[in-house]
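Taking the form predicted on its own, here's one chain by itself in structure tokens.
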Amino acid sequence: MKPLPVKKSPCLHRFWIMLVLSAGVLLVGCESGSRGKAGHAGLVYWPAANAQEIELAGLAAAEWNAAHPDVPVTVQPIPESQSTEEVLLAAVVGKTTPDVCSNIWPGVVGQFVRAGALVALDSFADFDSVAAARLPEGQREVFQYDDGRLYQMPWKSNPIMMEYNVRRLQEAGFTHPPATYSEFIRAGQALTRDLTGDGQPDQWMLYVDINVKWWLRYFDFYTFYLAASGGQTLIKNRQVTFDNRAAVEVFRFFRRCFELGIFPRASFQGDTFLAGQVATHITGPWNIAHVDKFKPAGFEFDYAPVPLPDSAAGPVVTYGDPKNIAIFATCQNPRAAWEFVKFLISRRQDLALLRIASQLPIRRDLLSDSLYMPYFKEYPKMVRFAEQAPRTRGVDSAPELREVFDAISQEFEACCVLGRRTPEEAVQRAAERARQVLR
């Protein structure tokens, strides 16, 4: 259920090979199974390639096809590659995009819009009423492109929160999860310990992946930055906005935790949280079912917002890890595609998203709608995430966002992990590099 790792190709030559091969594969796929009765155009639908969302898409398509035999939907999971984004970009170049895709990362929408690859959904007459009935207050603006148009339908959100081992925190004297940086550090100092007597800790407060891959920073720096800044993202009107106190405080917090040894400067395989190596874990709602399935006997866990700087005040805003739905400009029947999109975001389909994929629909009435109440009664830990969902942010739609996060990740390593730069220097350097990228 985690987002597919997005990696840059090691060289331009390799990228173009992948692009040509992908375009050829996608062309074959899109030409098959997309015609309905009497030659009416059908729709090709690409969901994410994980088992839960393939199942979800298959059930949705079967129900749709039974009611719309003249416009059948063919489900084709996104072809495997290094990332969803690279596959879609290759399809855009080859003009072999699907009609509808439900695995749209907002950070790549800007590139698609610049390429003229997406249909503006607010061009449909009923878009405003559909969006108003679904979206929580202020969420529409979050997903608008720079031109003020909407090219993606907000669909699902996975609020990132702090998962914690209840008993371990109780051992540190905490009857509630740490809510501030100082509380978190105090708990970490109490819980980080050497179990084998070799002079090195074997248990820590939190594991942070120290790899410099840019997408990893969504689940440490960016999540904590959104909380510290009250929900301010990185870029506004193509101007860098993260050269501020909140970013410095986040860098200082992570640097301090690495210095104190409560975060390990190492990489691990496997689930460090379930193995008891760490007391907390930064994750989304997809992890509830995993922990419930594999937890050892007597293991108690729960969820809380990530901690804030001591000088900040809640409520906490976090990264929403959203994935949305788009209609591509190659679609020959955009009106039918829009009707299918509306079907995918209907109340009953949102319930299926919860039950099959354990992911939260972006819906204003999620906790008050009687349709969903039995689900939340059955899975009470999901309530924590549903309560957090209205206080989430996605990412900016700047086409250069990957390069911006790469700059942040490089400085995160230099400052927080290696201690070679001060937090102030690191934030300033990352911001300056981001400004150069955005010029």
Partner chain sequence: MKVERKIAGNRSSRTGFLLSLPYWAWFAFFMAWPLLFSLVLVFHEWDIYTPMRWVGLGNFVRLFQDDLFWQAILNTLYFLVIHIPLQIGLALLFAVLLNEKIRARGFFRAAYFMPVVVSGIVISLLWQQLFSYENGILNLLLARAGLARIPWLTSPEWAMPSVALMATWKNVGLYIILFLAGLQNIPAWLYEAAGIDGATAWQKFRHITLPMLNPAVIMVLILSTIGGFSLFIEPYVLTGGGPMNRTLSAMLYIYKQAFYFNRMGYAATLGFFFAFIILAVVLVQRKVVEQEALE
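Residue numbers count along the first chain shown, from 1. Quick caveat: nothing in here was measured; it's all calculated off a predicted structure.
Beyond what is shown, the protein has a form predicted in complex with the partner chain; the following relates to that form.
Peer 1: Mind telling me which stretch in 41 to 49, 57 to 65, 380 to 388, 407 to 415 gets its heavy atoms within 4.5 Å of the partner chain in the predicted bound form?
Peer 2: Among the listed stretches, the partner-contacting one is 407 to 415.
Peer 1: At the 4.5 Å heavy atom threshold, is residue 290 in contact with the partner chain in the predicted bound form?
Peer 2: Residue 290: no contact with the partner chain in the predicted bound form.
Peer 1: Given that the partner is absent here, does residue 336 sit within 4.5 Å of the partner chain in the predicted bound form, heavy atoms only?
Peer 2: Contact check for residue 336: no, nothing within 4.5 Å of the partner chain in the predicted bound form.
Peer 1: My question is simply whether residue 120 lines the interface with the partner chain in the predicted bound form - judged by any non-hydrogen atom within 4.5 Å.
Peer 2: Result no; residue 120 lies far from the partner chain in the predicted bound form.
Peer 1: Any chance residue 114 has a heavy atom within 4.5 Å of the partner chain in the predicted bound form?
Peer 2: Close contact exists here: in the predicted bound form, residue 114 approaches the partner chain to within 4.5 Å, heavy atoms only.
Peer 1: Given the partner chain in the predicted bound form, answer whether the residues 400, 421 and 433 all have a heavy atom inside 4.5 Å of it.
Peer 2: Judged in the predicted bound form, 400, 421 and 433 all sit within 4.5 Å of the partner chain.
Peer 1: Check each of 248, 282, 89, 274 and return the one that places a heavy atom within 4.5 angstroms of the partner chain in the predicted bound form.
Peer 2: Contact check passes for 89.
Peer 1: Name the single residue among 133, 367, 195, 93 that comes within 4.5 Å of the partner chain in the predicted bound form, judging by heavy atoms.
Peer 2: By the 4.5 Å heavy-atom cutoff, the listed residue in contact is 93.
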